[in-house]
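Both blocks below hold the same protein chain, though in two forms, and each is given as structure tokens: structure 1 and structure 2.
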Structure 1
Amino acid sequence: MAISLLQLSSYVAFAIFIVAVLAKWRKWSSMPIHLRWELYPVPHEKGRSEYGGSYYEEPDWWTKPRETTLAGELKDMLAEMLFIKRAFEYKRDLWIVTYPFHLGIYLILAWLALLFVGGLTEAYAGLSIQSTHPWSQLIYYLTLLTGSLGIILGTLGCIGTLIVRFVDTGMRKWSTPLHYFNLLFIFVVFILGAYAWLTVDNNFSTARAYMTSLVSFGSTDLPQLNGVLTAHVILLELLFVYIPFTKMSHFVGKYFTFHKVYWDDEPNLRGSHIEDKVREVLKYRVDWAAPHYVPGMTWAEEATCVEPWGEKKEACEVK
């Protein structure tokens, strides 16, 4: 069977999403070393993170091996990513709406993964997900649970987040039109999905059949999609294409924000790779305007040729 235009657009959207996410990851991973400062507590400090301690406490710390724990970092990072920990601690009224919103998105991603597994099962194992087989029953009910809860929580959370941005004076001041557009875009995708779920696809059998047609590359029948389902698929594809090129791709940056910025306290010792990275950054020339340095100099020249109050030393010249 030939691949339809809608199926082709799904392949293209997914490919763009993966390539764009990988490109962003590569870009962020190759960026220069960040500003070197210590922000404590650092979760990878073995035995010290609980009280905000540091390996610098040890006499002659530079002569001793560091003891770190990746588990400490993962625990804190997962608490932020899965439960929006910092919003809960510092902005509870926002957390009340943004957590259901994010949880709804996580559940929809799990739903898509389960549709994928179900599609593989039907296309290549010859096992109907709606049969009484234990594996089929497991995938069927997990799909039903994640999809239903994801739609409900995501839709309500999206509405709540929009309301908070309008009502909260502080948030309204720094909310740009793009913030509202992104939320409205996601809301439209959710509301179309909710309408399709409630009216024509209560058990997600049509969604699974479409996924099966995708994973089988057109060798299985393409289900009949009405206008609402077709619009939902197209908008979902556009959302996947759109996300990596916006600030909504911050999920990619969590690792760099935490592991490479907040918690990177590796010492800058003579002859270390950190020293090499710092030396490289010091060669960069500054070309933006500010009163406290001389444009055109490298960072190293700025450090040696500009007085603390911003006045250039007479012996310094811009090269």
Structure 2
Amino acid sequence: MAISLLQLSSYVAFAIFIVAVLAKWRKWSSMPIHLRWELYPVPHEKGRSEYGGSYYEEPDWWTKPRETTLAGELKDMLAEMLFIKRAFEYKRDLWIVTYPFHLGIYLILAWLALLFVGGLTEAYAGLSIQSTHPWSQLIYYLTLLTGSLGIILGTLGCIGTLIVRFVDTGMRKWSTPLHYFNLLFIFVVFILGAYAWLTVDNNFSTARAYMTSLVSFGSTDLPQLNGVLTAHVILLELLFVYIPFTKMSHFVGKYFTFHKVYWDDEPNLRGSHIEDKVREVLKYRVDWAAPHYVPGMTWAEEATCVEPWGEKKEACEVK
């Protein structure tokens, strides 16, 4: 069977999403080493993170092994990812709406994953998800649960987030039309999904059939999609394409802000790989124009061979 245009657009949208997210990841991870700028509490500080301590509390710390705990990081990460802990603690009126909104999105992602598993099961194991097989039953009900809850929480949360953004003076004054557009875009996707679920696809069998047609690369029948379902699929695809190019890709940035900035307390010990990286960045050429700079010198030269008021020193050994 031939692949329809709609199916093709789904593949393309998903591919763009993956490539764009990877490109974003690459962009952040390929930036040069930066000066340390950690912020305590740093959750991997073993035995100290509870009160915000660091290895600097240890006398002669550079002579002792650093004790870190991955569990501490995971605990903090999960609390933030799954519960949006900081918004809960510091801006509860926003959290009340943004948490269900985010939870709704997580559940919809889980729902998509379950549709994917269901699609694979139907396409390659020949097992209908609507059969009485235990595996089918598990996937069927989990899909039903995540999809239903995801749609309800996501839709309500999205409406609530829109309202709070408009009602909260600080948020309203600082919001651009784009902020509202992004939320409205997501809302439209949710509300179309909700409408389709409530009217023509109560148990998500059509959604699964569409996913099955995708994972089987056209070897199974493409289900009949009405106008609402077709619009929903297209808008969802557009959302996937759009997200990596917006602030909504903060799921990528958040890894770097926490792991590579706030929690990056790795010391530059003699002979370490950090020291090698430092030597490299000190070779960058600087062209700041203020009087206390000499444009064109390397960073190390600026730091050691220029007088503090901007005159080049006559003799100087670069440090």
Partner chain sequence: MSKDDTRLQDISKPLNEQLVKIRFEDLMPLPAPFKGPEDEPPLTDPKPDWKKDYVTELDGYIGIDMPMPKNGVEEKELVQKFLNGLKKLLSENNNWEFLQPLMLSFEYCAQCQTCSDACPVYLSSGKKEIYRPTYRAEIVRRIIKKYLTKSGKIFGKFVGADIELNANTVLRLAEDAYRCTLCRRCAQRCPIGVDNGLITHEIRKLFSAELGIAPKPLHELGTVQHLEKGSSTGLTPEGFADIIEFIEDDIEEKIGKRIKIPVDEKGADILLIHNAGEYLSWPENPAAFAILFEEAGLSWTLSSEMVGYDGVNYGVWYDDVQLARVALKHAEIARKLDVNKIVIGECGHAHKAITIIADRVFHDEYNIPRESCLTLLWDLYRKGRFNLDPDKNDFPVTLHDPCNVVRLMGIVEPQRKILRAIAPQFREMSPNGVYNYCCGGGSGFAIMQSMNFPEFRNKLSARMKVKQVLEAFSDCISPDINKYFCLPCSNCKGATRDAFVHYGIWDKCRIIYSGLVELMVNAMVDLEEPFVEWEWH
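Here, rigid core means the biggest group of C-alpha atoms that superpose within 1.5 Å across both forms. These numbers were taken from a predicted model, which means no experiment stands behind them. Sequence positions of structure 1, starting at 1, serve as the residue numbers.
- The form predicted in complex with its partner chain is structure 2, not structure 1.
- A displacement of less than 2 angstroms separates the C-alpha positions of E67 between structures 1 and 2, with the rigid core held in common.
- In the core-superposed comparison between structures 1 and 2, the C-alpha atom of F14 has shifted by less than 2 angstroms.
- Relative to the superposed core, A300 undergoes a C-alpha shift of no less than 2 Å between structures 1 and 2.
- The shift recorded for the CA atom of L269 between structures 1 and 2 is 3.1 Å, with superposition on the rigid core.
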